[in-house]
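Here you'll find one protein chain in two forms, each presented separately as structure tokens under the names structure 1 and structure 2.
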Structure 1
Amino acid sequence: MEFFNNHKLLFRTAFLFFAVLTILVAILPALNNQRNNQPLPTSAPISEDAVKGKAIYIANGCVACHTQQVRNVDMDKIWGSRPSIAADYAAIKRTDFWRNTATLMGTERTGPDLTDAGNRQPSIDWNLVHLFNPRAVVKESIMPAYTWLFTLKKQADKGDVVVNVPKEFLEGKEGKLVATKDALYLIAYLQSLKQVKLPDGVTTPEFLYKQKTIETKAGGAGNEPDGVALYTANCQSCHQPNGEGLPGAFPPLKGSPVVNGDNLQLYVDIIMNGYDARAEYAVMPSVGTNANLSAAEITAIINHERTSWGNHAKKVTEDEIKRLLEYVKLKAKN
């Protein structure tokens, strides 16, 4: 029993066991993962601004409420086009020698998953309004307001990014709301989160446990997609459930001359390629292209918008939209 009475030998042996187990259980598997998993060919390196934004994301505890993982179950399909794979996280590097930020995959979804946030909501204007006060764009949101990432100035300086927030959220204060560098860094990180497509020829994993969904409207004809659900998923965050938008930020669809007008080519072009022709409103991203909306889905969205909130425009047909889509896509290429 001399071994147990010799404290030096005891501690050296314990340390040796610890070191060997660490190498076998942690270090060697990690090196093996690095060899077996490489970033996808089309993945882009994270920008310097996004790296700084990631540090702000960590410092503010965003990982406590938001995940960055699309699980292999059908209910996660809204967060990405496919389940997450190891290659999605292979390019993530240590913050420095002492700190490893891991993958920020998270464990809870108090807020929505952010895996593909850069594609789902690419509008910097929407993201800034949402960051300043989430209730401005999503009334039911329980996310805290990050007001300290913004400054209220009497006059904006050259180069300042002015955030168009409805006056009621400024608590009676006058001036221009300006995003700080930290706010812009954080948005740069959020916009860098984009699910990368798999290389051609690689089979996309299927989601498990598919849910039965109702794809037809009550009283609708055939397989007509649900325009209400599509509007909610793709348009509502900016234009709001009542179609009235946000003053100074996002234009209303209620009573809109584009929605109620006869220029369907412009209407489809805006949905597919975005819009930046009105200085008083934020730039609209190319929602239709980003979401890969089909002609049937675009038709359903347009018909919902043209017959809601007091709009009484004539409904459009899928054939009309198909013809316009071909022209709009051809125009975009040229």
Structure 2
Amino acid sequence: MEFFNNHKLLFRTAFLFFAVLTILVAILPALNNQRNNQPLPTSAPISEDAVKGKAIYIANGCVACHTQQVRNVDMDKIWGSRPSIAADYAAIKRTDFWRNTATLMGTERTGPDLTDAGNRQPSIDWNLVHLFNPRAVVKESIMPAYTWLFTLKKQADKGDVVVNVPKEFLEGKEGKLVATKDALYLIAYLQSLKQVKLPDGVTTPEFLYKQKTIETKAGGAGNEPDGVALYTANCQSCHQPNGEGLPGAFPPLKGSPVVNGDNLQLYVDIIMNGYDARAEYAVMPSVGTNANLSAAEITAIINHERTSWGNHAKKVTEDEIKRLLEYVKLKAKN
């Protein structure tokens, strides 16, 4: 056939075929997407510090392990309260003359998703310790240690942010560990990662592929949530698997008067609304509210904490907690 023997015709055809498909499947959808999506009215631009922090996030290739997308599937529910939508990314524009747009959605989830990291882990102290060496707070973590974002000083100057890291992570060196500006920018960026509530009247997209929970007989004993798993997921990164916390950063639950005491109202309040009553420890975020924990789940966590690591307090019932929850929620609103 003449067509096959004419290189101009053959290569032009192949090129045009590819180019037309490219326009249809990549360029037009991309143009369409950026034209039809605007940032949500409920969202606000991130702070200057966070912008600098995002640059550090990009430079260090954090996207290699951390995604920033909550997919519309049930298993992603733990990463955000709703699936991400195109509008969530609409405000992200080209970084600068040299660098492309960084939506940072990612394709690997070797580490946790960070879409809602600002809500999930708002404690700056925890984030700094974790950044210096993740294994100081999460023993099993394989995240790199970003030690070069910190300096070791003999004496902390005024305005320095001192980080309390267990001694063994300082590799035998003495002094005060101070976070550099870059570390603080990076944390500011992580703090800024918060899922924005959809404006009223917009229907939230659904999570698909719900896990079919095999319903055992209603009221069966095996239906209680797993307190150990819930503790691991929500509490352990600060209070540690052994319940002893980290000296100078996170208080121990082992032998804690709040955990073992009778003031359940304070206990539930701390879990739901956070705590900042003791200067020697970091601020506790409102873990329960952020993670949308149910009464049953909170009961399971409390019971796990009251009966582990040598704690011997009386177990609580779901009904008790339910009543306290309503009260605590009211209190939070006022």
Partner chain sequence: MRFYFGNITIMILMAAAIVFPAQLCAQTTIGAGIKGSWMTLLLLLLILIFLLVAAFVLLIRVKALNSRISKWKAGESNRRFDKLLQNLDNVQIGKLLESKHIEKITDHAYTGPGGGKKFIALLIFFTALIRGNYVYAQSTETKVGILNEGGVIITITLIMIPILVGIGLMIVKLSGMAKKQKLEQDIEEAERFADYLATINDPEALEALKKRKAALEFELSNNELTGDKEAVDQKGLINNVNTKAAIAFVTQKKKALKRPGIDLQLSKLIIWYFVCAAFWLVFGTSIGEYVGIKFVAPDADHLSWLSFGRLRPVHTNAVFWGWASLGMLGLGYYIVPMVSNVPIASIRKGWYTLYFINAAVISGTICLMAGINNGGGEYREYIWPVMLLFAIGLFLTLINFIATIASRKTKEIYISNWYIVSAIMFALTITAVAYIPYWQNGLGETIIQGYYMHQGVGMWFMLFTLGIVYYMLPQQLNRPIYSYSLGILAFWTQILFYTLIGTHHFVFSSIPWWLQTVAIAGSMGMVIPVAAGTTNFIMTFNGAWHKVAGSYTLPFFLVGTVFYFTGSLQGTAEAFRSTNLIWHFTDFTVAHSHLTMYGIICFFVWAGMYAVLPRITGREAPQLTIGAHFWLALIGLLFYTVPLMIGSTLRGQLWMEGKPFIETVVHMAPYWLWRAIGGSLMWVSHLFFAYNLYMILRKAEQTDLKEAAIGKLNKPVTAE
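Every residue number counts along structure 1's sequence, beginning with 1. Because the structure is a prediction, the values reported are computed rather than measured. For the two forms, the rigid core is made up of the largest set of C-alpha atoms that agree within 1.5 Å on superposition.
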Structure that is the form predicted in complex with the partner chain (1 or 2): 2
So that I can tell if Phe250 moves, could you say whether its C-alpha shifts by at least 2 Å between structure 1 and structure 2 after the core superposition? no
Taking the rigid core as the reference frame, tell me whether Thr232 has a CA displacement of 2 angstroms or more between structure 1 and structure 2. yes
When the rigid core is used for the superposition, does Glu108 move between structure 1 and structure 2 (threshold: C-alpha shift of 2 Å or more)? no
In Å, the rigid core superposition gives a C-alpha shift for His7 between structure 1 and structure 2 of 13.3
C-alpha positional change at Ala291 between structure 1 and structure 2 - rigid core reference, Å: 3.2
